[in-house]
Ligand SMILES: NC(=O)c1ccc[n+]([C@@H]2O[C@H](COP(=O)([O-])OP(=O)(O)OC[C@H]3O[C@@H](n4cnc5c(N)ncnc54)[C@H](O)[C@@H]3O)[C@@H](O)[C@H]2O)c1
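Below sits a lone chain in structure tokens, taken as the form predicted alone.
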């Protein structure tokens, strides 16, 4: 078992990583001095697959367990559902010494984390990510929140979990499409970490797609380690943490332009990464071979390299109204080279427009 340590100004907590760890959750939680009640929040699909094992592990360790199920899907991440969960926690007599456990992917992690951060001004939080995206990214770092009708993640908080249990075995229950979409975030970390990680993944991605755990676990670990290092430097996203937005400026614009229906987060980020690397060639002289290699890798993974389901002008309009952007150039993350991201790049709006249109041309 691997134990990593997340060290932030607000809290230090362990991130456990190993195959089969779901069955060890109760022991791990109690090893940290916790024995009070745990309320597990999971969507119906994840609950059917994993809830019984988790509940058995917690109960075997002497922890009282309750479970609350929510519907799958992005629409569940709302203030209305948060309010329903507050009521359920109250009815279950949940107190500040108790814990909320998010068992699921990014939606449940964000929703349950937001509820934990605000119920009784904060109860303990356990994150057990079951999707690839949540294992390598969203379950760590403390960003939690819900959507409003106008936009995603506009209501939220920074609230670090008290424990993260990452079990790569859970990835074997994912639909192939969801696994592939999570790989967009893995590719992002490859680009951020450096050419060695990118080249290794480029040469061995088939091992990941086949879920060879001897390869999956080290890749997941390296992504987690990079994010933990960045978050320890900038917990509340005032500076260095912005590097994690590589590919997300254009990616979020694509999501919004499609009303969060045409493109999932992973597919949109894949296109955003391609645009960011191509812009890096224009702005910093990054060799063309990197955009060519990235495009080839995305195609091999089954991720899109062409913008087909939304119009470029709608993407550009959405980017200009994003909560993190005052104009097309604000908060753009580019690469001097692999492993050397640069934040807040002053990119000419015409260059951004050209690259979004190039995505639609499939060049």
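Residue numbers count along the first chain shown, from 1. Predicted model only: the values in this text are computed from it and were never measured.
Although not depicted, the form predicted in complex with the named molecule is the subject of the following passage.
Novice: Which one, 275 to 283, 201 to 209, 175 to 183, 86 to 94, holds residues whose non-hydrogen atoms are within 4.5 Å of the named molecule in the predicted bound form?
Specialist: Looking at the other structure, the answer is 175 to 183.
Novice: Each of 22, 53 and 217 near the named molecule in the predicted bound form, meaning some heavy atom within 4.5 Å?
Specialist: Per the other structure, none of 22, 53 and 217 touch the named molecule.
Novice: Might residue 161 be said to contact the named molecule in the predicted bound form, defining contact as any heavy atom within 4.5 Å?
Specialist: No - in the predicted bound form, heavy atoms of residue 161 and the named molecule never come within 4.5 Å of each other.
Novice: Taking heavy atoms and a 4.5 Å cut-off, does residue 49 contact the named molecule in the predicted bound form?
Specialist: Close contact exists here: in the predicted bound form, residue 49 approaches the named molecule to within 4.5 Å, heavy atoms only.
Novice: Spell out, yes or no, whether the shortest heavy atom distance between residue 106 and the named molecule in the predicted bound form is within 4.5 Å.
Specialist: Residue 106: contacts the named molecule in the predicted bound form.
Novice: Is the gap between residue 118 and the named molecule in the predicted bound form 4.5 Å or less for some heavy atom pair?
Specialist: No, residue 118 sits far enough from the named molecule in the predicted bound form that none of its heavy atoms falls within 4.5 Å.
Novice: Under a 4.5 angstroms heavy atom criterion, identify the one residue in 257, 187, 271, 170 near the named molecule in the predicted bound form.
Specialist: The option sitting close enough to the partner is 170.
Novice: Go through 165, 224, 133, 246 and name the one with a heavy atom inside 4.5 Å of the named molecule in the predicted bound form.
Specialist: Selected residue: 133.
Novice: Enumerate the residues of 74 to 105 that have a non-hydrogen atom within 4.5 Å of the named molecule in the predicted bound form, in sequence order, or give none.
Specialist: 74, 77, 105, in sequence order.
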